[in-house]
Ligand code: HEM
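Quick heads-up: it's one chain on its own, the form predicted alone, in structure tokens.
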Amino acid sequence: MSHLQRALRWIALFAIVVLAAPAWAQPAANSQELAQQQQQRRIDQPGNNAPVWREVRSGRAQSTLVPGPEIGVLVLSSGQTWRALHGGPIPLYGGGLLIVVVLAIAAYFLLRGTIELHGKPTGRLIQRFGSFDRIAHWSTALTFCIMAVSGLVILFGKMVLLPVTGHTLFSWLAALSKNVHNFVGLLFILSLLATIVAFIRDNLPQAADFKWIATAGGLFGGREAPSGRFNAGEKGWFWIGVVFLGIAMGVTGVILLFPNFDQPRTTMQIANIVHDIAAVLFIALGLGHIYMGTIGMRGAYQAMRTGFVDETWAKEHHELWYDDVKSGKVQARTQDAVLPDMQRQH
């Protein structure tokens, strides 16, 4: 190799080093500058990790070996919003609503008592609910009670039960409630759909519903306005409670129950909030429905238990439906017998 070639090689090497030096030195300079800034911040603002958490909560995905949506994001800002709602307004206002509903029902019962029949039972019975109707209703009612109790433990347990039971007992109760809620939830959804299929035709709005609403269904005195198979109050419970809130709980419940559908955490958080709100409202409306279907109205429980009601009960509470049955417009089984419970309680 000639001296000229060697000289040219050294010149080229020197040029590479000179040109690349700023690029090599910049990261080191930046790292040194950031280190100095962090060290100075520890002195001026001890405990201030704002830059670190600003990067963590920026929402920018980092690198991870675990696949899935939002896996690369360490902390979601929406999670803090969910935590604030789930631990604050929802249990506070939801619990307050349930307490108000229970007190209102108790006050109404003390003032009004059980709504009795004005006439004497005839002993001639009309079938109000068939076998499928009652199976759908009672399966929904049973699973609803299980879901309500377990759900209330999950939502209010830390604030209400934990201070009383202690951590050990509450941990067992919470775990049991969670598993029962998950498995019974699917049965509740199926029962709810069966109930919708069974009763949707007779819950369509009619002109007579406005008269029933105008008189408040006779709940505060006077006779009940004529109605079809279901009155406006029952229709309101069906459409608002069973259909709207029930479907909202079912859809959000499935989203929460199967996170392996690859939905992002933001979707899970929104579903949880909607699920909690819908469940509290459903329970509040359900308490009124349970009251009227048991001790609130004489003969209502027997109607769903046996499927039959006395003609007097049918005429006083659902006169338009009674007229349709008597005229043959609506087919319903009739029989001559006396419901022992109704006869004994009247």
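Note that the structure is predicted; figures quoted are calculated from it, not measured. The first residue of the sequence shown is number 1, and the count goes up from there.
Keep in mind that the form predicted together with the ligand is missing from the display, and what follows is about it.
Engineer: For the three residues Phe244, Arg265 and Ala279, verify that every one has a non-hydrogen atom within 4.5 Å of the ligand in the model of the complex; reply yes or no.
Structural biologist: Not a single residue of the candidate spot has a heavy atom within 4.5 Å of the ligand in the model of the complex.
Engineer: What is the one choice in Phe144, Phe156, Trp82, Phe170 with a heavy atom within 4.5 Å of the ligand in the model of the complex?
Structural biologist: If I apply the 4.5 Å criterion carefully, the residue I get is Phe144.
Engineer: Looking at Tyr93, Tyr108, Trp138, Phe132, which is the one with a non-hydrogen atom within 4.5 Å of the ligand in the model of the complex?
Structural biologist: When the ligand is considered in the model of the complex, the option within 4.5 Å is Trp138.
Engineer: Can you tell me if Thr195 lies within 4.5 angstroms of the ligand in the model of the complex, counting non-hydrogen atoms only?
Structural biologist: Yes, Thr195 lies within 4.5 Å of the ligand in the model of the complex.
Engineer: Is Gln206 close enough to the ligand in the model of the complex to count, meaning some heavy atom within 4.5 Å?
Structural biologist: Output for Gln206 is no: heavy atoms all beyond 4.5 Å of the ligand.
Engineer: Check Glu234 for me: does it contact the ligand in the model of the complex (non-hydrogen atoms, 4.5 angstroms)?
Structural biologist: Heavy-atom contact with the ligand at 4.5 Å: present for Glu234.
Engineer: Is Phe230 a contact residue for the ligand in the model of the complex, using a 4.5 Å heavy atom cut-off?
Structural biologist: Yes, Phe230 lies within 4.5 Å of the ligand in the model of the complex.
Engineer: Out of the stretches listed (111 to 119, 96 to 104, 257 to 265, 195 to 203), which one is close to the ligand in the model of the complex, meaning heavy atoms within 4.5 Å?
Structural biologist: Result of the contact check: 195 to 203.
Engineer: Within 289 to 325, which residues come within 4.5 Å of the ligand in the model of the complex, counting heavy atoms only?
Structural biologist: Read in sequence order, the residues that approach the ligand (within 4.5 Å, in the model of the complex) are His289, Ile290, Gly293, Thr294, Ala300, Tyr301, Ala303, Met304, Trp313, His318.
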